[in-house]
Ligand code: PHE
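Shown next as C-alpha cells: one chain only, the form predicted on its own.
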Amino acid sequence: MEEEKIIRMLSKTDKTLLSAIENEDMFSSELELKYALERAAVINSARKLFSLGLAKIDNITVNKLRLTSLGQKYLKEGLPEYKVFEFLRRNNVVEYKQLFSSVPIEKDELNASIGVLKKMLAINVEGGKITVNPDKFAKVEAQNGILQTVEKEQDVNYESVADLIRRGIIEEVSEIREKVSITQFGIKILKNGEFTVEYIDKLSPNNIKNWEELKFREYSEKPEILDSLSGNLNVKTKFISLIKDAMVSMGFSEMHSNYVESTFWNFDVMMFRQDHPDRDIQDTIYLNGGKATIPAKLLKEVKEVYEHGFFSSKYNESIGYRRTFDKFKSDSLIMRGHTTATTFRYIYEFISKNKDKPAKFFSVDKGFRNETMDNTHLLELYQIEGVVYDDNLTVSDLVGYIKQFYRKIGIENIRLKPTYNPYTEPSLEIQAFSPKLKRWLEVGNSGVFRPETLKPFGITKNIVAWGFGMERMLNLKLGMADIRYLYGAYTDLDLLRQIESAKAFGEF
C-alpha cells in the first residue's frame, strides 16, 4: 500500500500517537495521561498503527501495589491505629480496659493497632495504662498517606508498606502493560510531507457545503488483510459450545436468567451475612432506581432462618446468625455477581415444586464484578454453573461430576482442596496448574448446599453445585498467561488466528 494512502487513513489520534512515540517508547497509560485521551481510543489507535506496520506493541509485566477491599475501607475511614492514636492523644493517659469500650472498631483491629503503635514508639503500655507520645503523630498520620499514594498508583517505598501487605490492607499484583514503539516504516511515514496535511474525518454542515475544497480521510471499502482470511467463530464461542455439549451429554438441562438481579437472590437466599464484604460497593455493582419484587413467603422464611436457624433431627441444630435481618435491603438491584443466583431461582421455581424428581441444571452465563482488571480478573466474566438434586448425594458425587466435566473438555491437571463458602458445607475449591503462570490457579468453587439455604424451600435432600470460571479455563486450554487477551482492545486477532481454533475446539 503506498505511503500517501496509508497517511490518508490515519485519524488525528493516530497521528498524535505516532508522533509521540517517534523518540521514546511509551505505555498506553502514559499516552492517555499526556494527551488526555480515552483509554479505548489509545488502545484502538495503537492497534491500528500496529496493523499498518507503523508501530510495535510489546507486553511488559509490571509489578504494582493496590488496595484490597479492606484497604479501600481504611482509605475512607482511616487506619484503625490512626483512630486509636487520635483517641489517646485527646485523653493522654487511658486504662487498657477503657480503650476497648471507647474506640468504635473491632477487637482484633484494636489489638493489632496497639501492637503497631507500640512498634512505632507512639504509645507506652505499662501497669494496665496506656500513655501516648504526641511527637509521633506525623509518623502515624503518614500511614494514612501511604494508602492514598497506593490508590493514586504513585511510587512508594516497599519497606514502608510491608506491614500493610502482611495485614491484608495492600496487595502486590502483576499487571501486563502495552508499550508502543515506532517502526522504521512508521518513521518513514512521519517524514512524508503528506503527514502534516489535515484530513477531515467528521462531517459538519459547513464542510458538506464546501466539500470540493477539503481533503477527507480515506476509508478502505475492503481492508486488504481480509483478502487472505475467511470468517470464523470466535474461540470463546467455540469453547462455550464445547462446554454446553459436555453438560448436555452428562444429562443436564440449561438454565436462563437476567443480568440484573436483586440482592435477595444474589446474597440473602444464600445466607450471606448482611455485613459480608462481598456486598460492598467495592465488589458489587449496584444500580440506581427501581426495586425488585421478592416472594413474600420465601423472604419471611429466609429471615427466620437467618435470625434464629432451625432444628432438624437430621442436621441437629442450626442457630442462624443471631442477628437482625433487614428485609428492606433485599430488593436492591445489582448486576448479577455470580450465576449461583440463577441456581437458587431454579431451586425455587422447579426443584422445590417437584421434590420427588431428580434434577440436573447448568448455565454458561455472565457475572459482573467491581474489580480491577489484571491477568486473572475481569469486570465481566462467564461462569459455568452446575447443580444436581437427587437422593443420597454426597461429596463423592460432587467430585465425580467435577472430574468427569474436566475430562470432557480436556483439562486433566486439576486438584481440589477444602475451602469456605457462606452457602456450602463442605466446600471445595478447584485448582488447575497454569504452565504460563507457573502456579496453581483457582478455576472454580463447589460444595454441598448448607441446610440453612434449603430450609426456606422445604428441601431436606442434599444438593451439590459448582461454579467454574470460563475465561480462566480457556486460558489454560490456549496456553495463555493473561485473561484479558480474550477481550476487546486487548485481543490480538493474529494470535487468535494462529491458535487454529477449528482444530483446537472442533475435534475435541
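Residue positions are given as counts along the sequence shown, with the first one as 1. The model shown is predicted, which means the values in this text are computed figures rather than measured ones.
Keep in mind the form predicted together with the ligand is missing from the figure; the text below concerns it.
Residue Asn421 is the only one of Gln431, Gln72, Ser332, Asn421 with a heavy atom lying within 4.5 Å of the ligand in the predicted complex. For the options Leu31, Ala465, Met473, Ala55, the residue carrying a heavy atom within 4.5 angstroms of the ligand in the predicted complex is Ala465. Contact with the ligand in the predicted complex holds for all three of His338, Arg369 and Phe449, each having a heavy atom within 4.5 Å. The stretch that touches the ligand in the predicted complex, counting heavy atoms within 4.5 Å, is 465-473, out of 37-45, 465-473, 55-63, 23-31. Looking at Thr342, you'd find every heavy atom of it more than 4.5 angstroms from the ligand in the predicted complex. For Thr453, no non-hydrogen atom is located within 4.5 Å of the ligand in the predicted complex, even though that partner is not displayed.
Taking non-hydrogen atoms only, Thr263 never approaches the ligand to within 4.5 angstroms in the predicted complex. Thr68 falls outside the set of residues with a heavy atom inside 4.5 Å of the ligand in the predicted complex. Residues in 120-138 all lack a heavy atom within 4.5 Å of the ligand in the predicted complex.
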